[in-house]
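Shown next as structure tokens: one chain only, the form predicted alone.
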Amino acid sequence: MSSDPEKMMSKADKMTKLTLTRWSADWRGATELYEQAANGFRASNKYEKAKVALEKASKGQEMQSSPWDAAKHMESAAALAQKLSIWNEVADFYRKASELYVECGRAQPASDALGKAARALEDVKPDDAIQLYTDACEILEEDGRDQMAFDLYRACANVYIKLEKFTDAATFFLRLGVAADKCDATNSQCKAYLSAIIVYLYAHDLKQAEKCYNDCSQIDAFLKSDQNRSASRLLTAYNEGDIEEIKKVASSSTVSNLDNVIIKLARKLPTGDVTAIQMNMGDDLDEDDLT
């Protein structure tokens, strides 16, 4: 047989087409040729042609009822699309691979495929990356594998922070907290809640930060934690207009054990005028004082 990948592709294509003399497609033979052609193209750095060969090999495996092998080829095609900076194909191919893994009943690789797509698209198509991360999390949640989604929650929150969508970022840290609670991962849970509070403070939304703190403090594990004490000290310092205390807490070991992106936000606190907050608090107390 010729080792020329172009000839292999041509021969494989003919094997999948019905003619007067060929009444059924030979998908098994064609798929082997597509796979060999893909290897040949890759070896000679012809990535576009290798990608096409892998797409066809994936289709061939599907036609033979082998979704696992089809998914593997689709992931390989997606990796080549990334190398070629064809971003819409990166998303489409990894999504297709994920669907094929779901067909196999394999939630973890299905989620992993979407996670790979999201990481590839973070800088070039961040909104698409967020959707991919979200879908990857949901696959694991539905399969009862919440603990395996922790890194995905964090990654998605980080993209939201880059986009300065702080409310969405905080929401994802809270989702991480809920998932951690299901797994009895107390440390991850408490870190997630403190992270959400710091995000709100960075956005200079003290009201939402306090609401978040109060809601999370209903959970016993958080109420007794070092992260709770740090959050309480931060909020007290904000309400008292104590900039030095804010900076002291933001540099504490408890905050330094959070994700890097949160540490960076904390180091920049306060982002607004905390003396104005203190004055507003005083005005509110005067208005509400009915005694």
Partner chain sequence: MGIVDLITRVDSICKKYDKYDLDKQREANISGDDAFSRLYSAVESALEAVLQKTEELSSVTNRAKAVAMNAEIRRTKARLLEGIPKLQRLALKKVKGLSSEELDARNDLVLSLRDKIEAIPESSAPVVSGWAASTSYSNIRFDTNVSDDRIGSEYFKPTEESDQFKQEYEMKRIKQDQGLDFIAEGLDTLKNMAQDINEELDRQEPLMDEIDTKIDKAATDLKSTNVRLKDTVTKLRSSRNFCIDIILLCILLGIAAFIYNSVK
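Positions refer to the first chain, counted from 1. Quick caveat, the model's predicted, so the values are computed rather than measured.
One more form of this protein should be noted, the form predicted in complex with its partner chain, which is absent from this view; the next part is about it.
Chemist: Please state whether every one of the three residues 44, 83 and 125 places a non-hydrogen atom within 4.5 angstroms of its partner chain in the predicted complex.
Modeler: None of them does, since no heavy atom lies within 4.5 Å of the partner.
Chemist: In the predicted complex, does residue 220 come within 4.5 Å of its partner chain, counting heavy atoms only?
Modeler: Contact check for residue 220: no, nothing within 4.5 Å of its partner chain in the predicted complex.
Chemist: Residue 257: heavy atom within 4.5 Å of its partner chain in the predicted complex?
Modeler: So residue 257 counts as contacting its partner chain.
Chemist: Can any non-hydrogen atom of residue 253 be found within 4.5 angstroms of its partner chain in the predicted complex?
Modeler: So residue 253 counts as contacting its partner chain.
Chemist: Should residue 72 be classed as touching its partner chain in the predicted complex when contacts are defined as heavy atoms within 4.5 Å?
Modeler: Because no heavy atom of residue 72 falls inside 4.5 Å of its partner chain in the predicted complex, the answer is no.
Chemist: Of 131, 208, 171, 147, which residue is found within 4.5 angstroms of its partner chain in the predicted complex when only non-hydrogen atoms are counted?
Modeler: Exactly one listed residue reaches within 4.5 Å, namely 147.
Chemist: Consider the chain as shown here, without its partner, and state which of 245, 226, 32, 240 has a heavy atom within 4.5 Å of its partner chain in the predicted complex.
Modeler: None of the other options qualify; the answer is 226.
Chemist: Work out which of the listed stretches, 111-119, 197-205, 182-190, 75-83, brings a heavy atom within 4.5 angstroms of its partner chain in the predicted complex.
Modeler: In the other structure, the partner sits against 182-190.
Chemist: Just to make sure I understand: among 101-133, which residues lie within 4.5 Å of its partner chain in the predicted complex, judging by heavy atoms?
Modeler: Sequence-ordered list has one entry, 106.
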